[in-house]
Each structure stands twice: as C-alpha cells, then as structure tokens.
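Only one chain is given next, in structure tokens, and it is the form predicted alone.
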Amino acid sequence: MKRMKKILSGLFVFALAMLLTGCSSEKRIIRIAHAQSETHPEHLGLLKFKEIVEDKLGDKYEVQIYPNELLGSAQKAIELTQTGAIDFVVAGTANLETFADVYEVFSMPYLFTSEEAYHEVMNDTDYMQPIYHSTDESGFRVLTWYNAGTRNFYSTKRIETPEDLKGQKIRVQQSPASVNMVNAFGAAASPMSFGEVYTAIQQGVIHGAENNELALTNNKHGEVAKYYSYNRHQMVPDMLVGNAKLLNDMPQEDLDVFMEAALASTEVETAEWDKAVQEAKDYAQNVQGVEFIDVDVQKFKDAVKDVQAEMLAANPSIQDLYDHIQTINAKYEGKE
C-alpha cells in the first residue's frame, strides 16, 4: 500500500509538473476582430501586425484575425475587448464616442479641408497619445489609426443636391453626432450595424448609406445601391483598439513590439488604401453598374454649416482637438 501511495504521489507530482510546464510554454492567443473582408487594406495591415508580433515574439504569442464581423458588430466587439474576451478590435471613432466624447469631433462634417491635413493630424503620434489613452478607464486603448477614406452618400436614388436627401432613410454609424449630421442634411438617419446595411437596402428598409467606395465592393453594397455621390462630408479614421489590461500587464519589451507592429500595420494599410479605392471604383462602375456623381460640395457644406458650432457648444471636450485641426487645415488652404 505504501509503495502504491508513493507511486501515485510520484505520478501526481509528475503530472503537475507537466501541467505547469505546458502552461508556461503555451502561446498566448491574441484575437483581433474587424468588420472588413480579407482583401480590405485594414486586413492587410493586420497581417503585417501579425507578422511582426509572431516574428519577434512567436514563442509567446499567436495572433488570430477574425474579419467580416465574425465576432460580432464593432460595438459588440468593443465590449468583448473591454472585458478581455478578445484582445483587439478595429472600430470607427463613432463607436468610441460613448466612452470618450473627444472622439465625437471626427463625426463633425467637413472637419478636415484636405486629405493632407487629415493625414498630418492622424500621423502625429505624440499629439494623439492622450486621446488614445482617454478610454483607459473604460478598459481599452487605441494603438493606432487606419485610413478609412472620405465618406460620401450612396443610395438607390440619385443624390445631386442636399434636397435630394429629403425623404431618404440613410444608414449612419451608431453615434449621436452622426445622426445629427445626416438629419441636418435633410435625410432621416437610421443607425444600424454595418453588417446589416446590405439587407436593409435590398429590402427597402433604408434607401442608402454613407461610406467610402470600398463598401460598394468589399461589402457588395454596389449590388443594391447604384448611385454614389461625391459630397465628401467626412474623413473618419478607424482605430485599432486593444484591451487595456493586456497592454498594461505586458512586459515593456513586448509592448514595444506590439506598438511597432501597430504602426507598421498603419503604414501598410495607408499604402494600400488609394490603390484599393481605385480598384473598387472601377469594379463598381464596370461590373456592378454604379454611377459616380460629382456634386457641388459647397451646397452640402452650406446645408450643415451650423452643425460644427452646435457640436462645439454642446461638447467642450472637442474644442482643443478641433482648434489643433484648424491649425493644420490652415497649412493646406486651397489644396482641397
């Protein structure tokens, strides 16, 4: 009996040692969720993120990327990132407004006067850091930004002037500021998840939406909405958002690699963006039959000219960032 107890005790110690060794040698799975397809520039940027993290820290981490809202809508994925159920999510600034109202500034119509100004603001990593950390108390933090182009209206009906929007139901991001902006144009704003848009247009629940050209092809919206109007009302970045506890608990040398990977992913994504837009426009026009309409942008600016002042009065938290953006805008006057 004693001999048997010794054997069992030895087996237990061996099993426990193996378990602990196994646990210590297991890789930490890093799950990243986003709403786009595998050909989208954001997915390509995330592949670079994965490549760098696994190349330098492959003995500790394995990065898994879940596209096409496989882990839920952006808002749901943010909640999962808050709790640590997943580690990163790519989400638009409109999704972050409810956690830190400074992000509301990006929903302001005609905030940036040019793409050059937009890129300079977003590439100023030092300036953006306090903004990125503003959601730490909510359990997540932005690491970097991705170019999501210029947002324009597309619909089952032609839109050439703001008057054409009257009576149209237009999908917007789930953001009070975005709702107010689209309503100011004269349309009826319909907040909903991005993944619901195709079916909603197809079934006539809404007439259209507002987004960049890639939504027509990567998300097939060009199959159901045949008119795309270049009114250029917003340049809204997407953000790579990470679980704050993961980032805070990470050894500094690991965090440095993750930040390097994040910035490199932005370089890839922004480099791929213009090419992807041109490819999307060609496909939408020649295969899907989408008509691209150039409009008098000034008429659209005039229709929402009071929205900026109303937003600044209602939300003092955006004033400093707004002023900073206007300083950058001034450098590029006349280059719209």
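Computed from a predicted structure; not experimentally measured. Numbering starts at 1 and runs along the sequence shown.
As for the form predicted together with a small molecule, it is not shown, yet the points below apply to it.
Of the residues given (Lys169, Lys226, Arg141, Arg151), Arg151 alone sits with a heavy atom within 4.5 Å of the small molecule in the predicted complex. Interface residue among Ser265, Ser107, Asn211, Ser155 relative to the small molecule in the predicted complex, by the heavy atom within 4.5 Å criterion: Asn211. The small molecule is not shown here, but in the predicted complex it comes within 4.5 Å of a heavy atom of Asp238. Among heavy atoms of Trp145, none comes within 4.5 Å of the small molecule in the predicted complex. Though the partner is left out of this view, Phe194 does reach within 4.5 Å of the small molecule in the predicted complex, counting heavy atoms only. In the predicted complex, the small molecule lies farther than 4.5 Å from every heavy atom of Thr217. Note that among 81-89, 171-179, 249-257, 98-106, the stretch whose heavy atoms approach the small molecule to within 4.5 Å in the predicted complex is 171-179.
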